[in-house]
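Here you get one chain, nothing else, as structure tokens; it is the form predicted on its own.
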Amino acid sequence: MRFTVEDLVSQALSQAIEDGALPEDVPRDPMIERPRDPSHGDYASTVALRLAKAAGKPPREIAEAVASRIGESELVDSVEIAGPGFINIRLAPVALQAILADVRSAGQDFGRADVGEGRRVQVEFVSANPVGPMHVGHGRWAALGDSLARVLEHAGYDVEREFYINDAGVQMDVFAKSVAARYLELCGRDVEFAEEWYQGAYVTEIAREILEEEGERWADADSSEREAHFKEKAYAQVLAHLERVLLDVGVGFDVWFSEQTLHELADDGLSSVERSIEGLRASGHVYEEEGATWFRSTDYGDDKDRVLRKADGDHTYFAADVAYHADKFDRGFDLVVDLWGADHHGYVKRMEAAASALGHEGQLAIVIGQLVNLFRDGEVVRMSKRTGEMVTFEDLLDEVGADAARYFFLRRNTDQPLDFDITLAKERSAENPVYYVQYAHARISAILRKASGADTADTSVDIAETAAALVRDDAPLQLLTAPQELALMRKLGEASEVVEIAARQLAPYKLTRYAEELAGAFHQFYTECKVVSDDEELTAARLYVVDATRVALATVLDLCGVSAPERM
């Protein structure tokens, strides 16, 4: 509906220019937005305020020239000029009623847009080190990344999900030593466990699995051979566990990219890291100083140049990241999206500089997320009751479930710390936002079952099939004029805009906000408007709007990666 309003204002603006009411050279953007106060109308145009200087006329005069030319349209109820020159537009009931048919005919494609026009996007997220379980922050990135990928796909992008495995570097060696030490302890050997080694109980569990599978054959082996074997073994176990937990919450990846491959030598004798450095050198972005190799990141706005290769010959983590992003762009992505934790905030500018130096300015988007704080009954939760250690993402899933975890992780913008209330997430009440939204879908399903005469206890009833058989395509939608009906239809009409904005701004949290507003509009409608009554025509019309709401709620919940239950 927004696009229809934009067309109406654009045509009026063009007519005003043709009639000589406005100069030829003024911009023709209709500049449509939704008023903060619904009493001001369904849409507002700020075109008069924006064109005042270019047109050399007062804003209200411009507003009058445009508003008077919007003309007669069955879709528009009224056009008013307000304040310094806002053009407020209120849609006619027939326009809102038309939205319902669009929703039901679109089905799962409801709200789909073509903003992306098929452009290829890679979303890289989670990317936890394969040396232990994921913490709750990783859970937030899992929910955010997967939902963002879903939104981008719904907005017309060709999306690929990628997990970057940090399997190179010192942490992998420390992990191997940690597992080997616990293995020797389980074999009855005395071991001095270094303070910097991984301390968690999960390390002992990994060692126990190796002992049960392979026995004590490694107890007397050469330490370097033992650690090399355990490094690969433990790494594979942890990675398999990460993948299993992520699949449990509905998150799958198209590509698992190993950092180690960036350091492997190719036929030309160079690794990907070395090749990316040489590429930057050839384009004048690299220099040598004090025995180290530097990247001229200050040429792209960074506060200082960055080391790629240290004086001792070792590459920095940044060098590997440059090579990794060079590889991403070599794979032909039009946009690369990285989801990083708050501890990487200072890393953004140098990575953007590297992307620009590689010839891909503006093609890297980095989303920084803040920390997750767990609460239970108003108290901060830091330790797992089960293990006495850090609460892991898996612990949280076990307690609140995948739907609640994903929904709560999405409810705040990533630039805000997230306070996750475990007690609230488990409540079966309207205070729990995910329950509130899911209950709206379940309530609609119950209405449709009852109206169809289906056995309400029969769990095999397919709601989509029931709705298709029950809801009349020729339902008299013109009867839907009650304030609650109009408010619900208005909210349904916002879905495409929400998807488009969430995709453009890389902001899936807008989906949960919309889901709650839509559920609220439905609950209000249900309270004030009896759906099934003795009036057959009104019943038909209200079943139509109820089913359209079901489709919309299911679609938005799916974009969040959350189920739309038919019973609760």
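Counting begins at 1, following the sequence as shown. Bear in mind the structure is a predicted one, so any value in this text is a computation, not a measurement.
This protein has a second form, the form predicted in complex with the RNA, left out of what is shown; the following refers to that one.
A residue is said to contact a partner when one of its heavy atoms sits within 4.5 Å of a partner heavy atom; Y347 meets this definition for the RNA in the predicted bound form.
Although the partner is absent here, K231 is not a contact residue: none of its heavy atoms lies within 4.5 angstroms of the RNA in the predicted bound form. In the predicted bound form, the RNA stays beyond 4.5 Å of every heavy atom belonging to T392.
The RNA is not drawn, but in the predicted bound form it has no heavy atom within 4.5 Å of R331. Site annotation in the predicted bound form: the residue of A292, L486, A221, V191 reaching within 4.5 Å of the RNA with a heavy atom is A292. The partner is absent here; in the predicted bound form, the one residue of A92, V115, A101, A168 having a heavy atom within 4.5 Å of the RNA is A168.
Heavy atoms within 4.5 Å of the RNA in the predicted bound form are found in one stretch of 298-306, 200-208, 70-78, 148-156, which is 298-306. Residues Y436, Y439, A442, R443, A446, I447, R449, K450 of 436-475 are found to place at least one heavy atom within 4.5 Å of the RNA in the predicted bound form.
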